[in-house]
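Shown next as structure tokens: one chain only, the form predicted alone.
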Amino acid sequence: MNIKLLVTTLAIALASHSFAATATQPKAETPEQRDARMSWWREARFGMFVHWGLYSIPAGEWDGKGTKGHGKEWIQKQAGIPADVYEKRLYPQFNPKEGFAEEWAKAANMAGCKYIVFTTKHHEGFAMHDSAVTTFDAKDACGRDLLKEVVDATKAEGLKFGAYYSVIDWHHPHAYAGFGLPTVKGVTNQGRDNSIYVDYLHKQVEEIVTGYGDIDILWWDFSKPDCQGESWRAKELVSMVRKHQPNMVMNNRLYASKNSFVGADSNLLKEWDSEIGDFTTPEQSIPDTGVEGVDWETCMTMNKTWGYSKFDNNWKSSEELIRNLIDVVSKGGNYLLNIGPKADGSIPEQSVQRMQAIGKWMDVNSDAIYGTSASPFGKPQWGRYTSKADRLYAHVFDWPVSGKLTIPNADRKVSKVYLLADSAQNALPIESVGGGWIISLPSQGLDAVATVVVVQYE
């Protein structure tokens, strides 16, 4: 244990005991209050995830060998690297370039993202903020509070900010090891006092939620059935966070809910409990029919890995990413798209190109994304629907050869139909047939990825 950690451990324990004894639980929200708190997040629909840490330095390679498995933010586990070796090798090399945070924020804004979620501490345990309880942080490594730089740059672009925090830790000598959690080879829980680590965890989170102004999202990661909830003293942790940041939105990964990691699940809670979380997080997948009755967000990579890897060239096309965004939103979810910056903080050119392409499409079509609700008519073969109170958006992926598009009748009068990309909003011919409408389209769409047809209701 380093000296800084040793000196502060007792103070943390005393502070945690004091907080547990005196903290009051936040008053239960009414449905209307919860809707008001969640409103910006539900309207945003699109965010940028950033995975960046010491793991970005080896970029998928250790001692001249590439590591197996996707997710190079897991390289410490993949290569079985002891914590002291990992720190000794990578800590001195961490030297981000100036202005990296501004580049990230501008890239997110350019793409049409409304918020950024940044890995303040991943499983490796390296903290990006200036932490008083460890020297294993950015401030001690490179003399800069990198969390402050990212928060400031994000807010300067008018975006909301989210802090990712991993509750597992491969560096701390008393963190949970085993219990079904991913654990570095050879490490066991024998001789560890996990309560010391949980005190440390609470203190670091409190530093984040009290030292950087408004934090809009806390994105927890992650739990397993044998280590979840009260293993982290979750109720106390959530109460502390909500005390300092009452408007914050949180995911549910303090608990090992199945639907945290996969698509729709038949065992979803019937009534969502904000003590467990505000939204759930399908990972690398889009639920076929969304997640009924629950706020949700699909998080996804542009290639195969979250952290930067020089070996991973399995890039999704810009078309696939744009259509993924539309697909997620058409089912009532948010899309959190990841970038994995290089060691110096620069964004890989492949990611920049894709963000530019998404931004170009969003410049024209964002009205069919922001503030929209799930499709009222399911999933048509030719594309997707999104909707607002007074209009329906038909996102046409496959332009009909016949020049005719049939949509269901919503039992509402239609005042006008036009292409969203048509600045003049020239009306398209429409006729009522049976239980639907037939729209006569131009010979070809205005965008090969997705042309949006707007059906304006009276």
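Since this is a predicted model, take the numbers as computed values, not measurements. Each residue number is its position in the shown sequence, starting from 1.
There is another form of this protein, the form predicted in complex with alpha-D-glucopyranose (GLC), and it is not shown here; the text below is about that form.
### Task
Among 413 to 421, 59 to 67, 43 to 51, 393 to 401, mark the stretch whose residues have heavy atoms within 4.5 Å of alpha-D-glucopyranose (GLC) in the model of the complex.
Contact criterion met by 43 to 51 only.
### Task
Evaluate residue 306 for contact with alpha-D-glucopyranose (GLC) in the model of the complex, applying a 4.5 angstroms cut-off between non-hydrogen atoms, and reply yes or no.
Yes - in the model of the complex, heavy atoms of residue 306 and alpha-D-glucopyranose (GLC) come within 4.5 Å of each other.
### Task
Would you please decide whether residue 255 lies within 4.5 angstroms of alpha-D-glucopyranose (GLC) in the model of the complex, comparing each non-hydrogen atom pair?
Residue-level check for residue 255: no, no contact with alpha-D-glucopyranose (GLC).
### Task
Considering only heavy atoms, tell me if residue 74 and alpha-D-glucopyranose (GLC) come within 4.5 Å of each other in the model of the complex.
Yes, contact at 4.5 Å.
### Task
Answer for residue 138 alone: is it within 4.5 Å of alpha-D-glucopyranose (GLC) in the model of the complex, judged on heavy atom distances?
Judged by the heavy-atom cut-off of 4.5 Å, residue 138 is well away from alpha-D-glucopyranose (GLC) in the model of the complex.
#### Entry: Candidate from 197, 279, 161, 222 lying within 4.5 Å of alpha-D-glucopyranose (GLC) in the model of the complex - any heavy atom
It is 222 that has a heavy atom within 4.5 Å of the partner.
### Selected contact from 283, 344, 130, 367, since only one has a non-hydrogen atom within 4.5 angstroms of alpha-D-glucopyranose (GLC) in the model of the complex
None of the other options qualify; the answer is 283.
#### Entry: Contacts with alpha-D-glucopyranose (GLC) in the model of the complex - residues in 122 to 142 whose heavy atoms fall within 4.5 Å
The stretch 122 to 142, when checked against alpha-D-glucopyranose (GLC) in the model of the complex, contributes 122, 123 at the 4.5 Å heavy-atom cut-off.
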